[in-house]
Every structure is written in C-alpha cells, then in structure tokens.
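There is one chain below, alone, in structure tokens, taken in the form predicted on its own.
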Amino acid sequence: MDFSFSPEQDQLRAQARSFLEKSYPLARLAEIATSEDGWDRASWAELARLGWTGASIPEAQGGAGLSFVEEAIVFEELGRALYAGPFFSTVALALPALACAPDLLAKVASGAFTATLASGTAVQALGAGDRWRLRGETDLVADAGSVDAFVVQARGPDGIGLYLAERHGTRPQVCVLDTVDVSRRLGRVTFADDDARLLAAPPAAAKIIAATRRRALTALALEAVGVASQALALGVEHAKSREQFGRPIGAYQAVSHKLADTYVETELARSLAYWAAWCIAEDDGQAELAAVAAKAYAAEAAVAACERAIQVHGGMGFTWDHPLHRYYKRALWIESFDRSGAAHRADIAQVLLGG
C-alpha cells in the first residue's frame, strides 16, 4: 500500500496554500472576522473557479470527480488559513444529502449554491408528495447566516427525513448567535410553515445522516491539523527571532520542548485524519471508528498547539491584534463539535472492547 501523496495531490496542496496565503494572509483575519457578514463573499466564486467546491462531485454534474482524499487536502489548507466561509457547511455537512438532487450538485460545483445542515429532531415536516412545510426551531446551525439553503433533519409522518429549505428574504428566520469563534458563526433557525423539498425519506435518510457525521468529523480533524500546523509555525518563527540574554528563546528547553511536543502531536493528528479520509473515500468498514478517533485526537492537539504557541509568544500572544487567539478559538469550536474527546474515546473503547 502506498501511503504517500500522488504528484497531483501535492500540486493541489501547493496550489491551495499559495492561493490562500496570497488572498487571505494573517493580516486580513481580523478584518474578515469582524465584518458584518463574517466572511469574504467574493471568495466563494474563487473557490469554485479553483474546483474546490466540486472536487468530489461527479463530472456529469460539473465537478472534478475526485475523492474525499483530495477534499481532505483542501480542508487542511483552509484550516491553516482559518478560512471564514461556508465550505465546511456546504461540502462536509450538506453535500451528502444534496447528492440526492443532481441539479443541486451542479449548482454547488459552479459556486452558485451554498447550504448547511440543520440537525436535531425539533423540526416537523408536514405534507406529502412534492409539497412539504417545515415547522420548528433548531440551534447551533453552522454558517446559518451565510448560506443559500438548509438541509433540514426533520420528523415526517414516517420518521426522520432530510428536506431542503431555501432562503427567501427573511424566511426561514435566522438569528446569528454570539459564540467563541466569530470566523464560523452559529445560528438559530426558525421554520414557520416554510416550503421544503424532500431529499431523502426514511430509512435512506438515516444512512445519509451517518455518512454526513463521518465526513464532518473527519473534515474537522483535518481543519484542526491545519490550525495546529499554523500555530506551530507561528511559535517556531517567534522562537527563532525573539532573543533573551543574547540567545533566541528557542534555545531554551522550556520553549523548545513545547514546540517539539506540538510537532509530534500534529503529525500524529495528520496521520489519523488522512486515515479517516482514506476510509471514507474507499467506503472502508473502519470509517466510523477512524473519523471519531481522528476528530477526538486532532481537536485536542490543535487546542494544545494554540495554547503552547500563545505561551511561547509571552505577553504578545495574549494581545487582541495577534492572530493566535483566533486560531485558538477555532480549535475550541472544533473540539466542542458533536461531543467532547472523552466521549469519542468512550465510543472507541466500546467498539474495540466489544462492549
């Protein structure tokens, strides 16, 4: 088995990093995050032009027909750049359900459509056939204020199904919430008999929901690797340039050991994340276990990487103007998604021990 990236995948990573460093440098993080929208809307057309929004979408629908491994590379680089936009929401959370509607896939690939997942069981689907209405409320919807539509997990007459509710003006009602990471905003979405389109009925919806969770956990693990990598790079750069007592602070064990630990943990997190990505791409039986393991470890590694980098920077690391606190907040966001690392490890233990 070849565990190395192909030349084409290496080129994709180089392209992604070059584009993001040029278009979204660290100096722009504060400007974008504190803007009214919380992201640069013009960026979506650029991502579509590069082929990222349609990487795994079949060529028949205007995509590149690649695998989740190629998408994984993009997720890592977007995490490294702390990209603020609905890529995670559209590609990781919504795309599995949108695959039920080829016309929607074509719109995603072209950059003309964004969506997110509104999960939970508090929303009801009323109707039958092609006419459905959604009623209820769901919280903590990623990028709720930025997307064109919602893939809604709602309870219909036969059980939990997946429905598409497009935004029209102020419907459905969206309230953006104050959370720790303003670069990925969460919202409360209220449906009041809003029109919807059935994407998947039970029991097919259950399989899509499970696949979506695996994609989401793996995508966040990859983002976490990107966050940890950038935090490490900032820490190493400061340790080389900052001097105390006539020597770079990186020469002191109290600093160098923190950075060395971060490097080891980041590389292990990367291995786990790409193992999970490969399992998903190959529809391997260990995909569920791999996704949970990758997210649990990578999220905690990213939090630790940011904390150590802040400590290495000393007082500067705590300032509002320094980008590290924004990476730290994204790492905390990732860590809190779905469940804690301890809960994920309990699931892993149960599977391994046959409990």
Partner chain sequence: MDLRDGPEEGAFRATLRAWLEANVPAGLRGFRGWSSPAAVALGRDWSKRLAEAGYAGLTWPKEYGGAGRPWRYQAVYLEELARAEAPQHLGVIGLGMAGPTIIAHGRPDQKTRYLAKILSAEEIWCQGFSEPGSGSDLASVRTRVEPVGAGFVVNGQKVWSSYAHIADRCILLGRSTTASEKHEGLTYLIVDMKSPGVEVRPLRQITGEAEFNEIFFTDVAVPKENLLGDVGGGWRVAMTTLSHERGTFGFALAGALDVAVRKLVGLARERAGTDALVRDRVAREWIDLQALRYTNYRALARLERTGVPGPEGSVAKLRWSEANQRLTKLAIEIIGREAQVADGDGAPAYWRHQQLRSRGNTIEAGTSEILRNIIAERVLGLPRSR
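Given the structure is predicted, the values throughout are model-derived calculations rather than measurements. Numbering follows the first chain given and starts at 1.
The next section is about a form of this same protein that is not shown, the form predicted together with its partner chain.
Taking the partner from the other structure, its partner chain in the model of the complex has no heavy atom within 4.5 Å of any heavy atom of residue 33.
For residue 337, a non-hydrogen atom is located within 4.5 Å of its partner chain in the model of the complex, even though that partner is not displayed.
Contact check for residue 195: no non-hydrogen atom falls within 4.5 Å of its partner chain in the model of the complex. Taking non-hydrogen atoms only, residue 275 approaches its partner chain to within 4.5 angstroms in the model of the complex. Site annotation in the model of the complex: the residue of 110, 190, 179, 183 reaching within 4.5 Å of its partner chain with a heavy atom is 179. Of the candidate stretches 146-154, 100-108, 277-285, 200-208, only 277-285 has residues whose heavy atoms lie within 4.5 Å of its partner chain in the model of the complex. In the model of the complex, the residues of 257-286 lying within 4.5 Å of its partner chain by at least one heavy atom are, in order, 257, 258, 259, 260, 261, 263, 264, 265, 267, 268, 270, 271, 272, 274, 275, 278, 282, 286.
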